[in-house]
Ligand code: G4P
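This document opens with one chain alone, in structure tokens, the form predicted on its own.
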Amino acid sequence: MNENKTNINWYPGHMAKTKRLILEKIDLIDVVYEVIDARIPYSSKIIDIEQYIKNKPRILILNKMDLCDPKETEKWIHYYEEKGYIVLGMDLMHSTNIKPLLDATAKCLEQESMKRSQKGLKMRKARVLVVGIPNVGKSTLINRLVGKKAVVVGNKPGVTKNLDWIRINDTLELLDSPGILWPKFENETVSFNLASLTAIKEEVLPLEEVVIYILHTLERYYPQILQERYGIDHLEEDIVETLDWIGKRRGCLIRGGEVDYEKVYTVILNDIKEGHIKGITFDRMEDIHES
């Protein structure tokens, strides 16, 4: 990943509080579900989660599979499986099939079940912690598991504020947690990926820079999307000319026929946010430089 240093600080008090509460409750937990965005499977992963969940079994859920680039996603699934994760690709917004997740959870608990059985004890209710950065689909996952609307779902970061226990059935209960991020983004690519896919609030990075990053990333990896969505073969050297073209094409005009750039930025960001642009993965394996 691009190692350019940024001075972006984003650390609301409730996120620090969440980490403290997870540490306090982790001994009660049997399995951890970590939800990440399949379009940014590196950028959307909590970088310091191991400090909080100790060695608990973890299932990594790549959500929004309907929006990602399947070819690139396969590489990431393999990458995380090699690191020892159980990895599941899911489309929580449109699919109600949670059996693979329940089966994977049962597999994580096999040894514990065996131990209790040998001692003549009944298997107690499994306790699962749900974690993830903001806006990756944790609430949607919980609603799928409950089978009805149990928690507020919002297409913006920061909807969940507390750690809450949610009973699913006689065998499973969840501990929901607010989205977690880290105190500082030192990796510019990660910060722009998070902003592009609405994991951090829009005011954290200049909207103009985020939108230009989106356009450059689409040009680099998905030029056909630029052509299909915006009628653009390539970005002009002067990016304003490209923004003018999109603005006129999409009707982002003010009195006198001038382009309203704020509207252009909103249109492009909403194309991503609302899933009008599909088949994209912004994190690339070849860009990772791990120590």
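Nothing here was measured: the structure is a model prediction, and the numbers come from that model. Note that residue numbering follows the sequence shown and begins at 1. Take the two forms, superpose them, and find the largest set of C-alpha atoms that agree within 1.5 Å; that set is the rigid core.
Quick note: we don't show the form predicted together with guanosine-5',3'-tetraphosphate, though the next part is all about it.
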key: Interface membership of Asp91, guanosine-5',3'-tetraphosphate in the model of the complex, 4.5 Å heavy atom rule   = yes
request  = Decide whether Ile246 counts as a contact residue for guanosine-5',3'-tetraphosphate in the model of the complex under a heavy atom distance cut-off of 4.5 Å.
outcome  = no
message = Residue-level contact is defined here as any heavy atom of the residue lying within 4.5 Å of guanosine-5',3'-tetraphosphate in the model of the complex; does Ile133 satisfy this criterion?
response = yes
query = Even though guanosine-5',3'-tetraphosphate is not shown here, does Asp260 get within 4.5 Å of it in the model of the complex, heavy atoms only?
reply = no
message = Just to confirm, with a 4.5 Å cut-off on non-hydrogen atoms, which of Leu226, Leu67, Val31, Ile53 contacts guanosine-5',3'-tetraphosphate in the model of the complex?
response = Leu67
ask   = Among Thr171, Thr217, Ser113, Thr140, which has any heavy atom within 4.5 Å of guanosine-5',3'-tetraphosphate in the model of the complex?
value = Thr140
query = in the model of the complex, which of the stretches 218 to 226, 262 to 270, 231 to 239, 59 to 67 has residues with heavy atoms within 4.5 Å of guanosine-5',3'-tetraphosphate?
reply = 59 to 67
message = Would Asp176 count as moving between this form and the one not shown, using a Cα shift of 2 angstroms or more after superposing the core as the test?
response = yes
